[in-house]
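Here's a solo chain for you in structure tokens, the form predicted on its own.
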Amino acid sequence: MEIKILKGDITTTAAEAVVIFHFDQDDKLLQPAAAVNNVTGSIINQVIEAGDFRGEHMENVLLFTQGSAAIKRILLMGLGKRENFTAQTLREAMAQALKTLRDRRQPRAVLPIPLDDEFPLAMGETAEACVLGGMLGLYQFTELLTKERDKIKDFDSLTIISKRKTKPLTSGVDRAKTMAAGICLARDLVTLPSNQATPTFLAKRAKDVAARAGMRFKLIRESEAKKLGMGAFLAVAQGSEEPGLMAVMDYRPSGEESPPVVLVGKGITFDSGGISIKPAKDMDKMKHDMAGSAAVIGAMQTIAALKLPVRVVALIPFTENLPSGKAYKPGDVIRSLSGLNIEVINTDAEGRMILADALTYADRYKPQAIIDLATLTGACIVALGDNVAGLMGNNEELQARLQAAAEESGERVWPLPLWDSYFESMKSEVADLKNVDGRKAGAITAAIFLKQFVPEGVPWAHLDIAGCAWADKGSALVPKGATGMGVHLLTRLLQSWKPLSKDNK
């Protein structure tokens, strides 16, 4: 979608369609709505007064001006109650607006900004929310389609028009395009089938992102991982013919050498469950067990493009989890990079195995904080549903910041307890700990397992994104399929990053 910014007057602009917003049962029209209403014979007021449109969130109606103005069509879009408005409200409404026009074969639209002198968002923030929402809502994965490509409906251009200075609009649009590119990259990577999105392929994509952004990049191959002692990672990888690889992306603004924030992403490119094999039903969806890694790659691209002034290192272990004559087995005892011995109870608890070594490896950077993202447990979906990530960790301030970033990004998280008493059930009779306990508190015991491998004294947060990495039903911002969960959240967190309080626990 091409995005243009013009200085001008919406009432005299020739356009196939204009997007106009309205708050639910608000007596006062927003400024662009009032201006368009005046030149079209009060068409907007007539529809509202007739009760055909109230302005409920996502409610919309397409009006034809019948030659009364240079604008041919008005898409009237509801924002819901003014008192409930957030940036996410506007993102969703704009996404729905552009999808509605696209589906009606109207591939071009004009959007007037500012919406009102009393509008809750400034001009730049309004433009950012509208463009980001529109781009995310219009997302389609079509690269593997070979037939009937002529039936794919695209949206060509959005023109933002304003009577005022356009500089704030330009910066807002640029931020939105950068964010959308990172999120859509993550969606693309998760959507690709696992025969294409192999560990080698994804490691190369991470390398390409790093190269374009001028980041340092390192690839840890199995031979080096063995020398380092990454036994937990290698145990999972040994069942596959594909080599296990860990990508290291190091973003250093202005050559910054300070301790970084470390992001860790689970990169299981296909999860059969290994010897503890999964049921056949829905196993095809296990191609998205690398959604944590995709989110981290997308976030790193976004962070670098926005030139955020904080050093960030990404550690991304990639492998498949497959059954074979070489695969690790229930009952095996595996020595991890940390030196802890892990008794394998279930080979389908492989994500925590590869993350364990990545978390331990992070200590080499003496990080300010570590945040890991993983499609880790079905138990988290049982606890919180499909649209919320479980949040656990060892530092209240870091968790609070993630919750605030979640509110800003619209990517929901919810805290779960991580009391040390949960570790009692993870103790092994033959090793230091087991890789899985029973069914109770499965999301929490998975996180308590990870906690054992976090470098001592380092603030750490774990995001279990099992439910929200893939959408079985589409919504305004997220078409059915990969969501790109985590890119926006991490970027919002790091946009306002400052060192954590040393005394916070």
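Keep in mind that what you see is a predicted model, and the values were worked out from it rather than measured. The numbering used is simple: start at 1 and walk along the sequence shown.
One more form of this protein exists, namely the form predicted in complex with a small molecule; it is left out here, but the text below deals with it.
> Which one of these stretches, 136 to 144, 73 to 81, 156 to 164, 285 to 293, sits within 4.5 Å of the small molecule in the predicted complex when only heavy atoms are counted?
The contacting stretch here is 285 to 293.
> Is K266 a contact residue for the small molecule in the predicted complex, using a 4.5 Å heavy atom cut-off?
Heavy-atom contact with the small molecule at 4.5 Å: present for K266.
> Give a yes/no on whether V436 approaches the small molecule to within 4.5 Å in the predicted complex, heavy atoms considered.
Yes, contact at 4.5 Å.
> Answer with yes or no whether T377 is in contact with the small molecule in the predicted complex, where contact means some heavy atom within 4.5 Å.
Output for T377 is yes: heavy atoms within 4.5 Å of the small molecule.
> Even though the partner isn't displayed, in the predicted complex is K218 close enough to the small molecule, meaning a heavy atom within 4.5 Å?
The answer is no: K218 has no heavy atom within 4.5 Å of the small molecule.
> Name the single residue among L228, A404, I381, A431 that comes within 4.5 Å of the small molecule in the predicted complex, judging by heavy atoms.
Answer to the contact question: I381.
> If you check A349, A97, L355, L315 against the small molecule in the predicted complex, which one has a heavy atom within 4.5 Å?
Looking at A349, A97, L355, L315 one by one, just A349 meets the 4.5 Å heavy-atom criterion.
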